[in-house]
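For reference, the chain that follows is the form predicted on its own, supplied as structure tokens.
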């Protein structure tokens, strides 16, 4: 089947999306935790990056010399930005130095503020889509952060007295504002250093995180107590990537395990999902793989995180193959290894032009429902990329222009697996598991990519109920 016919076939499949939005409104309760913060978004041009590099007198050799992947001084910050810019990859590095935090405030600032942290972002999205009650964990909720939550009465958190209120109305005035810098850059932008040109191959971002509370996994006990008494359909967890082994991060993860098990015991029918994020701390990465993922029903992951988890599992050769050839074929092998070693029932992968889910045959959500939910996530993500936010009016106006890249990937994967029907049905099999694939809607020159993976994973899960 030629490309125009395939695009039309998938555009027809996308017609199910409005019906899926009605199903989301039937979901009673979702809890998201643990990280919510304020994102300070800055769109950095190649020229601005060059100016900052020159101000710090950084040579090209120094820029490429990564002594660490954390931020101890201003030069570390610029090394991280240059790495993400030149490679077109998303990374998040932790900053524990208050002087660097002050330097960022003075020299970078922000173009706008928005809700940040996977927990916060997913809560906003799900509230807009109409989940009846979305409970969001916030270890800090002063007015400045509360203002970043959607002004909706279905998005709930806890005030200083432990009372449930719409999150946007709360002002825990004694709390510390938690601000993360999101440095975004455009595909095709070019920086010239020492006579060499570096072209950004993909629109992406670099995150510099200064967040003492999330770094210590400080929990809101009012949230934890209430969730043990509330029937939940989904529990979506995240934020563990911000921990550091040097700050007892592994011990903090070990300490949260009994609390997750208690939540699971109180909500035996709820689906527990972990949204994975990039972490440069290998000990934390190993703790996430060994102690958290085996507790989960589902995880959300991108191509970079797939590679990172494979390294943490000791699968170095497979990780390197995925890194050298980041295709659906190689990543599927990586996902199967993660699934095999952790026992997680469902893995949802989001990559450029394609979403792919690998799940157990007897998983709570059928492949057909998963497919429809992934289509829904693609539409929501496209709207967010185009406008920079999730608004239902904008979502309804998205054109179902299916990605050629995704179609090519699915076609190649189907031929490799001997399942030529995969390109037309989106549903197949891999080993003993169900395989679901969807070519996404791509937006040229996206306004923002912050929280894209969180949006995709949460909607792909909740819309499938």
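Treat the numbers as computed from the prediction; the structure is a model and nothing was measured. Residue numbers count along the first chain shown, from 1.
Another form exists, predicted together with alpha-D-glucopyranose (GLC); not displayed. Remarks below refer to it.
**Q** Quick check on this chain: which one of 350, 346, 205, 137 has a heavy atom within 4.5 Å of alpha-D-glucopyranose (GLC) in the predicted complex?
**A** If I apply the 4.5 Å criterion carefully, the residue I get is 205.
**Q** Name the residue from 121, 243, 167, 377 that puts a heavy atom within 4.5 Å of alpha-D-glucopyranose (GLC) in the predicted complex.
**A** So the residue touching alpha-D-glucopyranose (GLC) in the predicted complex, by this definition, is 121.
**Q** Could you tell me which stretch in 205 to 213, 265 to 273, 223 to 231, 290 to 298 has residues with non-hydrogen atoms within 4.5 Å of alpha-D-glucopyranose (GLC) in the predicted complex?
**A** Within 4.5 Å of the partner lies stretch 205 to 213.
**Q** With a 4.5 Å heavy atom cut-off, would you call residue 39 a contact of alpha-D-glucopyranose (GLC) in the predicted complex?
**A** Yes, residue 39 sits close enough to alpha-D-glucopyranose (GLC) in the predicted complex that at least one of its heavy atoms falls within 4.5 Å.
**Q** Closest heavy atom of residue 90 to alpha-D-glucopyranose (GLC) in the predicted complex, within 4.5 Å or not?
**A** Contact with alpha-D-glucopyranose (GLC), no.
**Q** Closest heavy atom of residue 456 to alpha-D-glucopyranose (GLC) in the predicted complex, within 4.5 Å or not?
**A** Outside the cut-off, so no.
**Q** So, in the predicted complex, is residue 182 in contact with alpha-D-glucopyranose (GLC) at a 4.5 angstroms heavy atom limit?
**A** Taking the distances in the predicted complex, the answer for residue 182 is yes, it comes within 4.5 Å of alpha-D-glucopyranose (GLC).
**Q** Using the arrangement in the predicted complex, list in sequence order the residues of 99 to 119 with any heavy atom within 4.5 angstroms of alpha-D-glucopyranose (GLC).
**A** The stretch touches the partner through 116, 117, 118.
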